[in-house]
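One chain comes next, on its own, written out as structure tokens in the form predicted alone.
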Amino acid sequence: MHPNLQHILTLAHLLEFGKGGACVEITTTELGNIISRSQQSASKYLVELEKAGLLERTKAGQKFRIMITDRGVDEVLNLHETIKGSIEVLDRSGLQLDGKVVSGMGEGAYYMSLEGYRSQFNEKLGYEPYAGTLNLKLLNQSSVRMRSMMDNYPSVFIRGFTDSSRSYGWVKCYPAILNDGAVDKAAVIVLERTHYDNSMLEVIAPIGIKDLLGIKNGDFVKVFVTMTPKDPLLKTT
């Protein structure tokens, strides 16, 4: 019998319960509470883990004395390394978000034309954005989660300003590439004052993205945010 994820997580919880020791004493009711399963399910998992050679158990009064075998410990360590490796890859590479081109609210061209923003974009991003934003509706929950994670990434911060008629809020820019490098200089922007939620992205670039990629409303675009939490690459203040 090959252990499934629930089996390995049960072993991990047993190790945690034993404060890292491979030998623990526990009731099936206690184990069920720890793994958020019924007492019957906890008992079943122990039987299956014993058959798989991942633990040995003996009765000790109302409890079981459980010895997690070397194979059992190895299974937990392997899962840990897999998860750790996935997180490290994410930290190194950035965030990928998949979206569909949609029409915006018509404000992008106006805001991108304001000198109070344009001079800062030029100074901090190294280019003046094309007069307009590419608007993307995120396609799946994974992309929406990535968008939420993006808030923890360092951003290139564009200060708000006031002119003779009104005040304008800040803009945060997250450097990105589109469609595997077809556009290698772009940025996802987050506005202080926006009507959009985390299911939408606004993207700027020094050129007209739609024209360069030959895309229209309804087409799919891959966005890869390239800055990571541990490795800010650009000036952020």
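Just count from 1 along the sequence shown to find any residue number. So that the term is clear: the rigid core is the largest set of C-alpha atoms that superpose within 1.5 Å between two forms. A quick note: this is a predicted structure, and the numbers were derived from the prediction, not measured.
Separately, the form predicted in complex with the DNA exists; it is not shown, and the next lines address it.
Would C173 sit within 4.5 Å of the DNA in the model of the complex, counting heavy atoms only?
Answer no; every heavy atom of C173 is more than 4.5 Å from the DNA in the model of the complex.
Would you check, heavy atoms only and a 4.5 Å threshold, whether Q39 touches the DNA in the model of the complex?
Yes.
Can any non-hydrogen atom of Q62 be found within 4.5 angstroms of the DNA in the model of the complex?
Because a heavy atom of Q62 falls inside 4.5 Å of the DNA in the model of the complex, the answer is yes.
Within a 4.5 Å heavy atom cut-off, is I26 in contact with the DNA in the model of the complex?
Because a heavy atom of I26 falls inside 4.5 Å of the DNA in the model of the complex, the answer is yes.
Which one, 177 to 185, 200 to 208, 42 to 50, 164 to 172, holds residues whose non-hydrogen atoms are within 4.5 Å of the DNA in the model of the complex?
So the stretch in question is 42 to 50.
At 4.5 Å, heavy atom to heavy atom, what parts of 110 to 142 sit next to the DNA in the model of the complex? List them in sequence order, or say none.
Nothing in this stretch is in contact.
Cα of I35 displaced 2 Å or more between the shown form and the other one, core superposed?
True for I35: a C-alpha shift of 2 Å or more.
So, does L49 move by 2 Å or more at the CA between the shown form and the other one, with the core held fixed?
After core superposition, the C-alpha of L49 moves 2 Å or more between the shown form and the other one.
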